[in-house]
Structures are given as C-alpha cells and as structure tokens.
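Only one chain is included here, represented as structure tokens and corresponding to the form predicted alone.
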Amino acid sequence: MTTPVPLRSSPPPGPAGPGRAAHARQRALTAAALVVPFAALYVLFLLYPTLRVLQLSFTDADLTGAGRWTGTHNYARLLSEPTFWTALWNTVLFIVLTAVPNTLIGLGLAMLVLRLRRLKNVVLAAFFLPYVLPVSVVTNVWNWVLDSNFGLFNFVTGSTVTWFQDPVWALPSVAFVTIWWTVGFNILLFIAGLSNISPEIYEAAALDGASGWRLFRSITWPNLWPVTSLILLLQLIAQFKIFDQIYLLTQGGPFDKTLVLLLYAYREGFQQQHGGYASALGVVLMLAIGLVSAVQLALSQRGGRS
C-alpha cells in the first residue's frame, strides 16, 4: 500500500484590492528613502562638480569667476605647453616606479609572511602599520631619515646625496616612500587571495612531482590573478592622482623634476588663478585615468581567460 503524497500547500494569498496597493506603495516609499539620499549626494558632490569642471575648461575663468567662453583654447595651450608634457612624463615615470614594484613586493612579502609559524601577526602588523599613518607623519619621518645633513640614512652609509633635492634621486625617493607607506595594504589583499587557494590542489600537484617554481606558475599565479589584477588597477588609479607626498616632500622640484599632473593643476588653479586652464588639466587627467583603467581591465580579463 503506497502512502499518499500530500499536495504542496500554496502560499497564503496576500492582501487584495486596496490592501495590496497600499503594501506596494509602502515598499516603493521604503526603496525611495534608501536610494534618494545616496543619489542626491552623488549628484551634489560628484556629477555636478564633474560637469562644472568640464564647462569651466572651455572658459578663461579665474579661481572664483564664471569667465568668458574661449572654446578649445585651454586644450590647445595645454598641448603646446612644455610644462604639461613634463608633468605627464613625471606622472607616467612615477607610476612605473611604484605600481608594478609595489605589487610584486606585496606578493613576495605576503608569501613570506604565510610561511612564518611564529610571530606571523606581529610581522604582518609591522608591515601594515605605516598604511594607517597620515601622509603628514609619513613625510616627516622620511624627511628626517633622508635628510642630507643629519639624516639617519646618510649618517649610517656615509652618503652625501640630498635625496629630495637631487634632480636624479628626488622622484625615486618619493616613489620609495610611497611603496613603504602603501605596501601593507597589498600584503593583506594577497594574503586573503593566497588563503583562498585550497591546500588540496598543492598536495595533488606535489604527488605528481611538482614543486617550487612549477607550483607557483601553475597553481599560485593563475588562482591569484584576480587579486593581482585588482591591486594593479588600484595602484594605477592611486598613482595617477599622486599629490600629497610630492607636495609635502619636494613641492614639485627640483627644476620640476617631480612635478606631476595634479600638482601642476593645483599650481595653475590655486596659485596662478587660472581656473579654466586648471579645469582643462583636470579633464585630461580624468580621461587618462579612464583610458588606462579600461586598457588595464581588458588586459586583466584576457589574462584571466588565458
């Protein structure tokens, strides 16, 4: 004798008629209450300033005025200005000196930290501690360490290099300080990515005779590629917007050897009162960040598929 299967009970019907309409209206009001504040802040602090900067870039406005419409004059001047190309070259060079080295150093240190059996948390905290310091503290520390007269580094090594005033060493010195300051965040991301790789994959590969570089190339690197891609993208965007360290350590000198795009826009806008020209610089910087981010994202997706 077979046991009869009970029929699945249907869900209780919701409120009908005016009650259902009131329930839908309440849900719509709740959704609007959650979305409208965020949308208003987005329009007020991001969309409106962006459109305003775009409009000002076609005028000869000073820092506060509306200015006269000048068409593409600011962009033509920008392309013919040697200082703009110097700032663009310095920005690209700074990215080369920081983005990839910062990513590789973060990966290497994360793998070393995971191998530790004792004091792992202490070592990780030591690497991450600089990241929580404000930029003013970081620059003061390294101004003292690398000072040419009484700095600790020159005292220990006997060097006479004026690190932040030397035309050759100023930009690499700022890049070094930036890596020291931010690498802790990359280490944390890499540790999270490495921890998500199953140990069983390594054990199976080890049974097949794989070890060392072979394990890294065939297992670690492919599984870690999404995290690496994210870190590279964050590094590119952050270094394109480099300003604080340059302003506090070198002021763009010596001889504009550390002048970057954002500092150049600051000089033109807030010191020379060329608001329209500074806005054109801001638009170019925004387009450059968007273009480089799109290219990097496309390359990352291609690397992930391969």
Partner chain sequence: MPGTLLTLVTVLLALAWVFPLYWAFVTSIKPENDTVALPPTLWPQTVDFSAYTYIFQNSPVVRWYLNSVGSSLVITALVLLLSMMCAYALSQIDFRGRRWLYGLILAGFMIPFQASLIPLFILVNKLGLVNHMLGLILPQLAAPVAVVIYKQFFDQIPPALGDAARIDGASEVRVLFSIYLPLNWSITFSLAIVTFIAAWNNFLWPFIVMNDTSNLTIPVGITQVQSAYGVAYAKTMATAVTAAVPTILAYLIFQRRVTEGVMASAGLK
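If you're wondering where the values come from, they're calculated on a predicted model, not measured in any experiment. For the two forms, the rigid core is made up of the largest set of C-alpha atoms that agree within 1.5 Å on superposition. Numbering follows the first chain given and starts at 1.
Just so it is clear, the following notes concern the form predicted in complex with its partner chain, a form of the same protein that is not shown.
Given the stretches 165 to 173, 116 to 124, 201 to 209, 86 to 94, which is the single one in contact with its partner chain in the model of the complex, using a heavy atom cutoff of 4.5 Å?
Checking each option against the 4.5 Å cut-off leaves 116 to 124.
Heavy atom within 4.5 Å of its partner chain in the model of the complex - the one residue of Val100, Ala76, Ile197, Val141 that qualifies:
Selected option: Val141.
Identify which of Val161, Leu215, Leu104, Val137 has a heavy atom within 4.5 Å of its partner chain in the model of the complex; exactly one of them does.
Here the answer is residue option Val137.
Distance check, Phe38 to its partner chain in the model of the complex, heavy atom within 4.5 Å
It does: once its partner chain is placed as it appears in the model of the complex, Phe38 has a heavy atom within 4.5 Å of it.
Are any of the heavy atoms in Trp225 no more than 4.5 Å from a heavy atom of its partner chain in the model of the complex?
Although its partner chain is absent here, Trp225 would stay clear of it in the model of the complex, with no heavy atoms inside 4.5 Å.
Report whether the minimum heavy atom distance between Trp69 and its partner chain in the model of the complex is within 4.5 Å.
Result no; Trp69 lies far from its partner chain in the model of the complex.
Is it the case that Gly269, even though its partner is missing from this view, gets within 4.5 Å of its partner chain in the model of the complex, heavy atoms only?
Result yes; Gly269 sits at the interface with its partner chain in the model of the complex.
Relative to its partner chain in the model of the complex, which residues of 43 to 61 have a heavy atom no more than 4.5 Å away?
Read in sequence order, the residues that approach its partner chain (within 4.5 Å, in the model of the complex) are Leu44, Phe45, Leu46, Leu47, Tyr48, Pro49, Thr50, Arg52, Val53, Leu56.
Taking the rigid core as the reference frame, is the Cα of Thr30 displaced by 2 Å or more between this form and the one not shown?
For Thr30, whose C-alpha is compared between this form and the one not shown after core superposition, the shift is 2 Å or more.
With the core lined up, does the C-alpha of Tyr42 move 2 Å or more between this form and the one not shown?
Yes: Tyr42 shifts by at least 2 Å between this form and the one not shown.
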